[in-house]
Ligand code: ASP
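Heads up, the chain below is alone and in the form predicted alone; it's given as structure tokens.
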């Protein structure tokens, strides 16, 4: 025999009930016990009606009306007209009794557990009767059997305990004599030894099916629901979650206890002793194999089989020196909670016996705290024990797997993954079986924690990076295009899944939690909301995604001031904006320290040399123990372009305008031509070499006239260049006559830095530097006579974007 249970979503409406009929018809050559839940949502309607009635709120009648309408409509749609009369009469008669029960609760203004059981039972009683009549009308060999006549319990109303001796005897007697192909039974309901109606707890229909399966030695127990089995994590929170094809009873119990809602936790116990397999199947995809739960299923040697969680948890902590070495403290603590009928889901205790910490439901926290404080009133008054501490709004996240005990380092891997994503762990518990490692975290971190852990343990080392990009002008647009082009390569070759979640320019910003389409990001941005820098940060923070990276493609001082906020929230920062790293040394050091403290990389490779690996190379030199003695460099691609292009046949004004039009200069070209940009770059290199330096310490031998430097708009600046054309031509002629070329050079040596225009003779490393190229010469303890040279394109949107891209990949490989 097979036992099949169909949940509330599977029987939510006539359309779904027809799917159930098709599944039953396909089960050939099997006698079946079919257990059904209430129509989807009806149990909640009954509970709400009960609550309103007990509060003497007449609106309970609205819920009764909705319940009546749904069941009458189902009868009219499912059962042929000629057979409807009896069914309608039975349901309406039961509805009258239900109304009487609710009216009683309304009149006395109270809802006892016994009365509550009677009221909520009608969901299953209605659905099972209607479905059995429907199956008969469809020609199936079905019979209705009331579970209350089979399952016998104690009088613990709300969650009764089953008397298995009487129940098994009843089931064996009925099913041994039953000649019908299908026995249709209501789940959840039972009766006490003296005949009172009882219930098996919310979700008890699974339990009903398991009890019947065990009592009849069924071949298999099938739980039909709205998902295709048990998943490696909650698929609503972890989109990459996968169905677990097979799993052991013990693993399934752990996962169901910790929030895997496809299975009611007590369900496994009755079938475990008899090794009856359980199949979790999808009513809406019946061909899907789902998950098979069985004995000694080691999952092909896999360690972690699933990641589960249970929310709305509070931590209750009792601590104090008066607990150390005193027998009976734990007994009194747990006994107090037991007397108040408070269930404990997690326990942790320090080996010093200085504290005991337990996890309980949020709803029980206040009652528990009051009770424990009362129990230890004397010790608290004498200051030997502190008043109980309560932390609410927490969640337990658990790794589950039978084979975890035979693999070292899983706990470390779990905690390291959470730590890297700034998920603070409030408590830890691990049983001696090592089948479950649990951590208590903030509720707001659940999605990030589950996705991070799932990525670590299940996704074949594919790491998801979530990008938030501010600035989509020349550089930003190229950067997004490069990501679009390389997305497949990154995933296949580097195991990086890069998603752009947020984009902003100076006017609009847009977010998409599933990733913005990079084929159509401009249109998406046009439809966005007004940009607010603080609003952008708050959105990134509230999304709380794992592996989040803020990418700044602007030259904005205001944006650079926001980096600390991102780093403090474990959000990495990648930027081509030089302002932060060339600001006050204290701010530079603070950002570097925050990056270490919160494990959020702060990368700015493109601050010097665009896409050239200058800073990265310097870091490797320092890390390997080398010491930088001198740096000589041409660090401005725009200035190198200007002086490589300028001659006696073209004006200085036209060359600078050309450099701006081709994207070599900053939006404000005075930043480049004043030498400020180069000062920032050599300052950053000096700092990365280990020297404490401020920008005011750098000597700047400016070549621009004072009037040009003091202009307050690009238009005025370019006009001033025309005025001083003869001076620029004179500089050019002097260099040409000396058989030299003009280069804007930065130098750092003996703790001092300077920048300025120099005449470079033939044979010098800088002489043949073409176009907008940059060059850096590192003289170190290892590179004494012949410097380490880095040379290449040092300006332009494409190469700058590629440098930003490289920094993102570096973070992905951390």
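Numbering follows the first chain given and starts at 1. Computed from a predicted structure; not experimentally measured.
There is also a form predicted together with the named molecule; it is not shown, and the following applies to it.
- Taking non-hydrogen atoms only, residue 198 never approaches the named molecule to within 4.5 angstroms in the predicted complex.
- A residue is said to contact a partner when one of its heavy atoms sits within 4.5 Å of a partner heavy atom; residue 205 meets this definition for the named molecule in the predicted complex.
- In the predicted complex, the named molecule stays beyond 4.5 Å of every heavy atom belonging to residue 479.
- Using a 4.5 angstroms limit between non-hydrogen atoms, residue 38 touches the named molecule in the predicted complex.
- Of the candidates 31, 43, 54, 758, 43 is the one whose heavy atoms come within 4.5 Å of the named molecule in the predicted complex; the others do not.
- Along 112-131, a single residue, 124, places a heavy atom within 4.5 Å of the named molecule in the predicted complex.
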